[in-house]
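Single chain ahead, by itself, as structure tokens, in the form predicted alone.
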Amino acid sequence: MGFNSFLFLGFFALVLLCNNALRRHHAWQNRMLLAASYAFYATWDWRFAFLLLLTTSIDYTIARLLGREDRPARRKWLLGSSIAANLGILGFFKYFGFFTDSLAALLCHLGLQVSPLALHIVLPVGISFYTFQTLSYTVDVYRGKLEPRSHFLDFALYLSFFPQLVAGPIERASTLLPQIERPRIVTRAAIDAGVYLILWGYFKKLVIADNLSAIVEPGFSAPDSVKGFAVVLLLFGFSVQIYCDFSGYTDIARGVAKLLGFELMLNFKLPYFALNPQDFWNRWHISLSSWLRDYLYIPLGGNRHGQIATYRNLIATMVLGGLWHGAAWHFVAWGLFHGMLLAVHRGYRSLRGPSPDPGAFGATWRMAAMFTCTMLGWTLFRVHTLGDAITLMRGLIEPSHLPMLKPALDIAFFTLPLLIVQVAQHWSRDLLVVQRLPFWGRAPITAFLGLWLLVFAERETSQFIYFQF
């Protein structure tokens, strides 16, 4: 049951009706949301719901034991058990085939003919997201930053809350659990913001991302047919597509949550306006990048042991972040690419020292340079194999034999509304600048978005890209 389905709209209308009917009965409201979240998840595959329940039970129990245990060795063992259980489940379902196939390929390269073990393992939707979410809970309890929760159903709702269950944001228990545990009031401002976010999210997904997908998909399916400027158009189109697809999902999730009385964390903050690699990861998929920083980069040593160790930790964190996205070598290469960008930027900054204000002209050039690097990185993310990425990069220096005017105009046509809104958001430093306009300014924009949804929304919509992770 994807967000971009009529089934979801009917499901959410029913949940919203029940949520409002139970607004004076907080405990029953939570139980209804928990049942709805499991029903939502079971529509993908009912077996996945039992796996989610298993993960929930493991970390609820371990956190409770951590709260009663004061022996350091025992506490470390409990934390290790949580990490091993969660990463073991994630590794089996997501990476078993990747590692067995890679090992078989290596042995064949060395002259040993083996057949990889073939198991038809179905990847549970959203498993990467909720695994990181539950790990942050047990780690925070272990660190003493969070008290273990005694109410199992509240913790189960924290891990399964349907707006963000299958593609984030990766919520921290310290921010979402308190909202679950206390009565919630849905204000008029929350309703206005929620409706706008849902509309804007659907516009980004159905109008921009899905139409651009139809333009760029043929190029990535046959990379040897794309040459010269067509490669640039392909990479630009996908850069806009993946941003609108993923941030569109997040906007819908945040809007749905607002209408239910919850506030989910901001996951995107105009990432293509970033001035450098560090700035980009402070703006793109913020819930993941902050998770990697707090639970991987800093425990590895962060920047506490000199420059070389810092570069190593940056690259290792990003490589593992790339692998988190998918069990394929091109995701590893994408993570390595961004790790190298971060390391080079940090090294340059340490040599140069604090840089002066670049001004509007300098900032524009920095944005353009960072966007170009990001766009090249998306090549590694989107291709099917590393060989396809090499083919596309070679195609950049070859003359194009395809007519470029129509795809260029199509990409510009669907990108222009996004660009106008995002420039306004950037200049005003307010992501809800449209929603805050007076009625006479907001009404025509809302009508425009609604009209474009009716006219240009793809009838055969694709699933959100990040559902596969």
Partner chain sequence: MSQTPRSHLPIEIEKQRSILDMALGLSLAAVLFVGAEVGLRRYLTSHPSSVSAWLFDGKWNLLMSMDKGADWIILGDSSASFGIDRELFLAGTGESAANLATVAEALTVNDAWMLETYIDKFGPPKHVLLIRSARQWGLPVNEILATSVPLDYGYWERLDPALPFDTHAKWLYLVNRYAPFYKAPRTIRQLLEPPWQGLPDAAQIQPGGFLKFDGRPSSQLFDSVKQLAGQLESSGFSVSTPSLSGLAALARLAEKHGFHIYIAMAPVCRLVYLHPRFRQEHQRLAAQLTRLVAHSPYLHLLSRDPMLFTVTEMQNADHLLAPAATRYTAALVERLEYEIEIWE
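All values reported here derive from a predicted model rather than from experimental measurement. Numbering follows the first chain given and starts at 1.
Not pictured, yet referred to below: the form predicted in complex with its partner chain.
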(Q) Counting any heavy atom within 4.5 Å as contact, can you tell me which stretch out of 268-276, 323-331, 130-138, 383-391 lines its partner chain in the predicted complex? (A) 268-276
Q) its partner chain in the predicted complex: within 4.5 Å of a heavy atom of each of Val240, Ala369 and Leu376? A) no
(Q) Please tell me whether any heavy atom belonging to Arg188 falls inside 4.5 Å of a heavy atom of its partner chain, as the geometry stands in the predicted complex. (A) yes
Q.
Is Asn19 part of the interface with its partner chain in the predicted complex - any heavy atom within 4.5 Å?
A. no
Q. According to a 4.5 angstroms non-hydrogen atom cut-off, is Phe414 in contact with its partner chain in the predicted complex?
A. yes
(Q) Against its partner chain in the predicted complex, would Gln435 count as a contact residue? Criterion: heavy atoms within 4.5 Å. (A) yes
(Q) Using a 4.5 Å heavy atom cut-off, which residue among Gln179, Ser213, Asn86, Ser289 comes into contact with its partner chain in the predicted complex? (A) Ser289
Q.
If the cut-off is 4.5 angstroms on heavy atoms, which of these, Val231, Ile170, Ala257, Leu314, is the one near its partner chain in the predicted complex?
A. Leu314
Q: Check each residue of 426-440 against its partner chain in the predicted complex and list those with a heavy atom within 4.5 Å, in sequence order.
A: Arg429, Asp430, Leu431, Leu432, Gln435, Arg436, Leu437, Phe439, Trp440
